[in-house]
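Given next, in structure tokens, is a single chain: the form predicted alone.
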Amino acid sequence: MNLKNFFKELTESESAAVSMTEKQISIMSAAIEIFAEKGYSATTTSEIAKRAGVGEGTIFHHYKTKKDLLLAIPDYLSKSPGQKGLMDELLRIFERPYERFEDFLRDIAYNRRDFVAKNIPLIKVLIQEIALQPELREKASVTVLFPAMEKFSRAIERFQARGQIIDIPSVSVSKLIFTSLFGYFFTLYIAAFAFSGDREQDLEYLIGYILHGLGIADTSVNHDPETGGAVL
């Protein structure tokens, strides 16, 4: 991901919700790069200024503190036209009249895969710091997480009403799906472990894994009481 292009897209689109100067773009891009490399606490504003090619005072002209730089990240992420498009598409997925839970789950899995793959440095910084920075956690929850959760839970309840998902609280189902998908994407894109294999096929395996854990078996199929296998 080219961070400068990300911020230019954010400020230059017809529906731009953010106004940033070239210096601000350089500062924020440099900050995210170094936060991702070293962590927020180990990063100094002088390092950010040097990489951005600006004076340290210029940073404080636009952002009062180093923490303001960090807290701006989820706001920028949620307002980017490209990422807003992915979020809007996710919300549309929640509202589509799917007949099968499997189709719903597959669309979510691929949508979030694309979201993570396009935002690796930003997400890496959020992951590194969210446990350590309560203000960042609250900001990320309000701008990125909470907007989707209510619609997600309602969609889960529709599949439960049809008898396609086990009867546990929809919030619990949402957390199980989120942690399964996020853990997989973290392993591949953020931690970047060099696992071999076909990523597309692995994602399909993960979808099957979630389905078997949350789905309800087809009761129209008779099973052998001793082996558990289907009786033909």
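Only the largest set of C-alpha atoms that superpose within 1.5 Å between the two forms is called the rigid core. Residue positions are given as counts along the sequence shown, with the first one as 1. Predicted model, so just to flag it, every value in this text is computed and none were measured.
The form predicted in complex with the DNA is left out here; the points below concern that form.
The listed set S180, Q164, S174, T45 contains one residue whose heavy atoms approach the DNA in the model of the complex to within 4.5 Å, identified as T45. Note on the partner interface in the model of the complex: the residue among V54, L188, I34, I207 having a heavy atom within 4.5 angstroms of the DNA is V54.
In the model of the complex, none of the heavy atoms of Q201 sits within 4.5 Å of a heavy atom of the DNA. Proximity of F195 to the DNA in the model of the complex: non-hydrogen atoms within 4.5 Å are absent; the residue sits far from the partner. In the model of the complex, none of the heavy atoms of S170 sits within 4.5 Å of a heavy atom of the DNA. When contacts are defined as a non-hydrogen atom within 4.5 Å, all of T58, H61 and K66 contact the DNA in the model of the complex. When two forms of a protein are overlaid on their rigid core, residues whose CA moves 2 Å or more are considered shifted, and G39 is one of them between the shown form and the other one. For E56, the Cα coordinates differ by 2 angstroms or more between the shown form and the other one after the core has been superposed. Relative to the superposed core, I25 shifts its CA atom by 2 Å or more between the shown form and the other one.
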